[in-house]
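Take a look at this single chain, the form predicted alone, given in structure tokens.
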């Protein structure tokens, strides 16, 4: 990155309300592995709130996704949750209601959260966690968000996560994993192990929409195993 690119990069974050850039070495993961982070990371103001982030988003027209959206889908759930689920982007039902994961995939996610926690003896309901997406507007025809869309909208996701400061993050699907971890590997290679976003442990698992497909039945057990690991780490 040359000087001019760095200047534009810093101005971009300033316009989004990011106050500080810093470098750090992350603490060990829950499984004891250490991860050194050398990339530049963003940190929101200590006085940041979810309401302020919503106000800053406003009637967002920063990328092309605003052209076909009905409603911005910011997030929902417990704003002080110890666990945050991050998905890819809103679908048709979410775009209509302005809430994340309310369609068929959302119903399955609810079953996964509440069913797994019940079997593991953890008293947890969906509304006790926080759920959001990488992009806040529905991509046309539910296509995968493009890189520039993820970068623009992802800055608000970063502020959300830094404001909530959960004990762990569960990334639902490859797009969420790419946005949070900056990796190229797919879910099958990433799932089951702990990773890091800033200093927060991240578990990658399959997106519920993938699990709805009849030929992905084996992945369901793996997803439940991933979620069980997350729940015990966060709530034990």
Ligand code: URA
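Computed from a predicted structure; not experimentally measured. Residue numbers count along the first chain shown, from 1.
Keep in mind that the form predicted in complex with this ligand is not shown, yet the notes after this line are about it.
- In the predicted bound form, this ligand stays beyond 4.5 Å of every heavy atom belonging to residue 75.
- Taking the partner from elsewhere, residue 94 is found to have a heavy atom lying within 4.5 Å of this ligand in the predicted bound form.
- Looking at residue 101, you'd find a heavy atom of it within 4.5 angstroms of this ligand in the predicted bound form.
- Within this chain, residue 207 lines the site of this ligand in the predicted bound form, having a heavy atom no more than 4.5 Å away.
- Stretch 80-88 is the contacting one of 160-168, 80-88, 147-155, 116-124, since its residues have non-hydrogen atoms within 4.5 Å of this ligand in the predicted bound form.
- Contacts with this ligand in the predicted bound form, taken as any heavy atom within 4.5 Å, map within 123-158 to 133 alone.
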